[in-house]
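Quick heads-up: it's one chain on its own, the form predicted on its own, in C-alpha cells.
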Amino acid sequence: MSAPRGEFTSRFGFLMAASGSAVGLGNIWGFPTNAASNGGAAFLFTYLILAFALAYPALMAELIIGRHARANAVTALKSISSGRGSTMLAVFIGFSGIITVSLILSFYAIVSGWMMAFFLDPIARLIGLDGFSQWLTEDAVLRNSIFVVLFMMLTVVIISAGVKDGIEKWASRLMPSLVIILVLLIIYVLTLPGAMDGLRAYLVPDFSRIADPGLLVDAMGQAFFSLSLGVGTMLIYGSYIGKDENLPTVGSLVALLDVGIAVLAGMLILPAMYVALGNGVEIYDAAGGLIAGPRLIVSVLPALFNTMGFMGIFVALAFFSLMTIASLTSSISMLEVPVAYGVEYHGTERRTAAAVIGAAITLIALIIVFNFDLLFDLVVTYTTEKSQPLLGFAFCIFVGWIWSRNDILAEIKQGCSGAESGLFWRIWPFYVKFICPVAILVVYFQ
C-alpha cells in the first residue's frame, strides 16, 4: 500500500525546507507593497502580531497532524477522524488540497519561468547576445512555454531525489544563499539616492490606519497565507520531522524565519521602488497605488536596473537569482504534496510519481500560457482566494473539534515532555478551536 518514507535528518534541514516553502515570490513582491499601501510600519506592526497570534497556531495544526500520521494529507486527516462523516470530509479536504496546490503550482511555474528568463537576461547581455537578451525579456507564448517546462523539470529532479537527498539537500543550500543575496542587495540599494524615502514609507508608522478594517484584513491574509497554510505543504513537511523534535519550538522558528525574510524583503523592494522613481521609472498604477505583483518584478525593477549602467547588469543578476531561488524552494514543497500521496497511497515509485504528476501540472500550466488572459487570473483567484482559505478553515476544525485533545497532547509531548504545563498548551488549543476559524472566515468573506 505504501512505500518507505523519508525523514529530515536535522532540525536545520527541516527549517530550511519549511521556511523555503513559506518564502516565495509573494513574500518578496506582496508584503512590501502591502505595507507601503497600508500605513507603513502600522501594517508591519499589525502583521507581526497577527502572524504569531493567528498564523502560527494554524501552522502548528498542520505540523502536529503531519508528524502524528507520518503520511500524506488524505491519509493523515482520515487517521484523526472520529466517524464516517468526518472520514468522508477528510478524504474530500485531502483531495481538495492536492488539487488546489497542483493548480497553484501550475500558475506559479509560469511566473517562476519569467524569473528564470530574467535571470538569464543579464548573462546574455554580458556575453553580447543582445538578440537573445531581447527575446528573454519579451512576453511571448514560446518563451513562457519553454521556461515553464524548464522550471518544472528542475522541480521534478529535486523531488525525485527524495526528502534527504532532494528537498533537504537543496533547501539547505538555497535558503542560506537567498538570505545572503537579499542582505547584499539591501546594503547596495540603501546607498542609492532616493532609497531613504522608500525606507521611510516602509518603516515610519501611520498609526491612524491601525483601526482601518482594510489594513487588518490585508495583514491577516498576508500573515496566514505567507506560511503556505491550508493546502498540506506544512502537513507533509511535518510528517518528515523526527519524533524527538520539540514541535512548538520548530514551528516558532519557521514562523520567525518567514516573517524575518518578509520584513527584509520590504527593506529591499520599497527603497528600490523609490530609487526607480527618482530615476524616472513609474512606480504608481492608474489608481494611484504602488505597482505590485508580477508587473513590479518584470517591469519596474528591470527598468531601474537599466538606469544603473554596467553595474545594473550585476544587480539584475543577483536580484533574479534571488527570485529564482524563492520560486524553487516553494515549488518543491508544492509538488511534494501530490507526489507524497502517489508514493504512499498507491505505492508508486517516487521518480515515476514525480515525473507523471510534474508532467500533468506542466500541461495545465501550458494550457494557461496559451489562454493567459482567460485563465491566469481565474486560476489564481479560485485557488488562493476561494479554495485556500476554506482549506485552512477545515484544518483548524479537524484539530480543534474532531481530533481528540488527549491524542494531540500526547503527540506534542513526544518531543516536549512538559508540554501540558507550558504556555503553548495553555493558549494554542483555544486559539485553533475558536479564534483561527473565525479569523479565516473574516478574511474569506472580505
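Numbering starts at 1 and follows the sequence shown. What you see is a predicted model, and the numbers here were worked out from it, not measured in a lab.
Unshown form predicted together with a small molecule; subsequent notes refer to it.
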Report the residue, out of N27, N38, S387, T46, that has at least one non-hydrogen atom within 4.5 angstroms of the small molecule in the model of the complex. N27
Of these, I361, M334, I236, L77, which has a heavy atom no more than 4.5 Å from the small molecule in the model of the complex? M334
Non-hydrogen atom contact A17 with the small molecule in the model of the complex at 4.5 angstroms: no
Taking heavy atoms and a 4.5 Å cut-off, does Y108 contact the small molecule in the model of the complex? yes
Proximity of S226 to the small molecule in the model of the complex, heavy atoms at 4.5 Å: yes
Taking the small molecule as it sits in the model of the complex, is I104 near enough to touch it, meaning that at least one heavy atom pair lies within 4.5 angstroms? yes
To test your reading of this chain, name the stretch in 226-234, 281-289, 208-216, 195-203 whose heavy atoms come within 4.5 Å of the small molecule in the model of the complex. 226-234
